[in-house]
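Okay, here we've got a single chain as structure tokens, the form predicted alone, with questions on binding and movement later.
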Amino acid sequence: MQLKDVLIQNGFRFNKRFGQNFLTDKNLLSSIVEKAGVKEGDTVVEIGCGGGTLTAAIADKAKRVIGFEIDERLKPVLSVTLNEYKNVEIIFKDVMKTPTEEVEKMIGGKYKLVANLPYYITTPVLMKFIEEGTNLESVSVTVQEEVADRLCAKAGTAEYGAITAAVDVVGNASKIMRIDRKLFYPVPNVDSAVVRIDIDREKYKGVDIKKYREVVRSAFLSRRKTLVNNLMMSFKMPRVQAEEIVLSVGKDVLVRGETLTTEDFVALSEKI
């Protein structure tokens, strides 16, 4: 039975509050799972199971799938679409209100995160797992294409921002696929893309991540202001000191935060 028929049969109505846009093309879903690097022995966490089409595609490949879904009205739908899968567990819970430590306790080991994320929770979900997930191996998410471009941006470009630097210090992001808006049901207003982030906690071994994040936030506090001005404001330091720090990492005192690479931010956080 087609997903649309199952939804109609169960009287399901889309809720804009949850940003529900489902993918139904089986070949596309299989391709997402393949490019996400899901293997036979993997445990995969999915955030926002929707109608269960991506869940099923993951379950075809992975050893175990743990899905988190906030909308309990999807229970009867998922009981139909995932009926044949014994390796799937759906938890009807708001993952954003569940401590990451508790989520990882449920999982019990290494895992990959694969999801078609509602646009409104993309950044919070990504940062929750990337910053707090100790057993996370990779993240592959379908997001608004504009967000995908930000996640993979290079320093000095218009797309580059705090989230780019926050992800790059612990992982390697790449855009692995574009998805036309017409392939979603219902059709959203924008195109999407799949981003894969391979986690590498040793990428900048020894860096104080907490301090690094503070420096990144500071640098992008106001894009129009110089890095010196943003540092002065964030760290309550005199101009002379802020200028000395910026010069000590080989940058001009008029440089703006958006031109700094991850390596620059690491060096800056060590100086501060």
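Please read these numbers as outputs of a predicted model, since none were measured by experiment. Each residue number is its position in the shown sequence, starting from 1.
Although it is not shown, the form predicted together with S-adenosylmethionine is what the next lines describe.
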Please run the contact check for K93 against S-adenosylmethionine in the model of the complex: heavy atoms, 4.5 angstroms, yes or no?
yes
Would E131 count as a contact of S-adenosylmethionine in the model of the complex, using a 4.5 angstroms cut-off between non-hydrogen atoms?
no
Is I121 close to S-adenosylmethionine in the model of the complex, meaning a heavy atom pair under 4.5 Å apart or at it?
yes
Please check if L54 has a heavy atom lying within 4.5 Å of any heavy atom of S-adenosylmethionine in the model of the complex.
yes
Work out which of the listed stretches, 196-204, 166-174, 113-121, 81-89, brings a heavy atom within 4.5 angstroms of S-adenosylmethionine in the model of the complex.
113-121
Looking at L74, V141, I179, L136 here, can you tell me which has any non-hydrogen atom within 4.5 angstroms of S-adenosylmethionine in the model of the complex?
L74
Among L221, L28, I70, I245, which has any heavy atom within 4.5 Å of S-adenosylmethionine in the model of the complex?
I70
Within 4.5 Å of S-adenosylmethionine in the model of the complex, which residues of 1-35 have a heavy atom? Give them in sequence order, or say none.
F18, G19, Q20, N21, F22, L23
